[in-house]
Structures are given as structure tokens and as C-alpha cells.
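This document opens with one chain alone, in C-alpha cells, the form predicted alone.
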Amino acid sequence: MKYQTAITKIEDEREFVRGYSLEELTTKKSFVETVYLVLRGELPTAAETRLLNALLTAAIDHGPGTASGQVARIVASAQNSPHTALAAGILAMGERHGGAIEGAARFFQENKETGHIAGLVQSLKEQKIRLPGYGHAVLTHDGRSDVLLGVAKETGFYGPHCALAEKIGAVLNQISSKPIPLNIDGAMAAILLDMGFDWRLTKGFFIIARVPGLVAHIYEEMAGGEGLRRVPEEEIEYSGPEPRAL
């Protein structure tokens, strides 16, 4: 069975990406522009380039306390190779970290025609269904979302999905007992949908954005010489049976 691809062609010792010579792309286009090209099939406009650059920059890192950051550094501390630690960090991205962007994008896409947002949010709250793209373990307000939505407005890509994301956030905070911010996953999801990307691609953007941060953490861990990391015994609370005879 043959692979069929519209992405890359190698012919006569030359490589073409989406029909463009890789050599020309290397000298005439930026990495962000080429990322857009390889994922979308066409080169971005200046506005699309600016917005995608903002999206990737905003998600580049969020410290060693994140699930992916912790896992990547722990695996690196066990003297695994950098690519093994990087893969481990990426694998730590799930529905509550990194993967929420995909769930949020799908939710926004499926509910963008909903007329009664308050009723929808209230119903989900009563069912104890957590809305992806909202809330944060550390932040009560995610300023990254404000900045990204601002750039989306400036570049003309603030559309129905972005508006829906903000409406849901407003309702959610009216009925919640604690602040539940529209987080970077939710903001990125809405913007990427308004840019015309498929919701199934959205998690890929978060991964692309976060890889440089993880690589930096892995290198810092390897160069720091702290040794093997493990959870301190005083932070482990045993809840099983006391020692007993066989």
C-alpha cells in the first residue's frame, strides 16, 4: 500500500514542501510561515503570520511545575536521552494540560450556533461537566488569553468562536463561586477555529509551541547536575494497612 501525501515531495535531489522549494523557503520565509504552510497548504498572509507567531510565543513555556515540564525534567534526571525526555513531556499532555485546547475547539465548534449560552453553561455545571479551556491551577486570570484575543481583533480574526469563548467565560464566572478564567487553551482553540483550522489540528499547535520550552527545561536539568529527582518522603502519605505478619 502506497503512502499518499500532499505535503512533501523529494525529486531529483530537491525537496518541495507544499509545492515550494525547501531551499527557497529556507532563505525567504520564517519558521512560523513555514509551519503555517506545512499545516494549511498555503503560505500565510502578514496578518496570519503575526497571529500565529503570537499564539506559538504565548504557549512556549509555563514553568517546571506543569505536568509536561515536571515529567520531562524527571525523565531527564534519570539520565535518559533528550529526545526520550521530550517525548515523555509531550506524552504528559492530557485533557487537563495541553490537550484541553482540542476539547475546547470541538466544544466551540459544536456549540457556536447555540442561542442560549447561559442555559447551556448552567446545564453543564449542574451535570458537573468541566468545560475545557476554562480554569487554571495557578492563575485566577490568564493574561495570555487577553493578549491573544487582542491580537486576533487587530488582525481581523476575532470571529464567532472567539466571541463564544468570551461569552461562556462571562456566564461561567457569574454562576461560579471562584474565578474560572478563559485560559490559554481556550483562547488558542477559539482563535485557531476563527482562522479556519480544523479542531483536530489544535492540540498540534500547542505541542509545536511548547517543545522549545521543554527542550530548555531538559537541557537545564541535564546541565544542572542535581541528580535523580524523586518525590520527598515527607510529601508521601501512606494510606494502606500497617505492617503485619504473613
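Computed from a prediction, not measured in an experiment: that's the story for all the values here. Basically, rigid core = biggest C-alpha set you can superpose within 1.5 Å across the two forms. The first residue of the sequence shown is number 1, and the count goes up from there.
Beyond the structure shown, there is the form predicted in complex with another copy of the chain, which is absent from this document and is the topic of what follows.
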| query | finding |
| --- | --- |
| 48, 159 and 171 each touching another copy of the chain in the predicted bound form (heavy atom, 4.5 Å) | no |
| Heavy atom within 4.5 Å of another copy of the chain in the predicted bound form - residue from 141, 153, 125, 106 | 141 |
| Any non-hydrogen atom of residue 82 within 4.5 angstroms of another copy of the chain in the predicted bound form | yes |
| is_contact(residue 94, another copy of the chain) in the predicted bound form, heavy atom dist at most 4.5 Å | yes |
| Another copy of the chain contact at residue 78 in the predicted bound form, heavy atom, 4.5 Å | yes |
| Distance check, residue 200 to another copy of the chain in the predicted bound form, heavy atom within 4.5 Å | yes |
| Sequence-ordered list of residues in 226-246 near another copy of the chain in the predicted bound form, where near means a heavy atom within 4.5 Å | 227, 228, 229, 230, 231, 232, 233, 234, 235, 236, 237, 238, 239, 240, 241, 242, 243, 244, 245, 246 |
| Threshold 2 Å Cα movement between this form and the one not shown for residue 234, core superposed | yes |
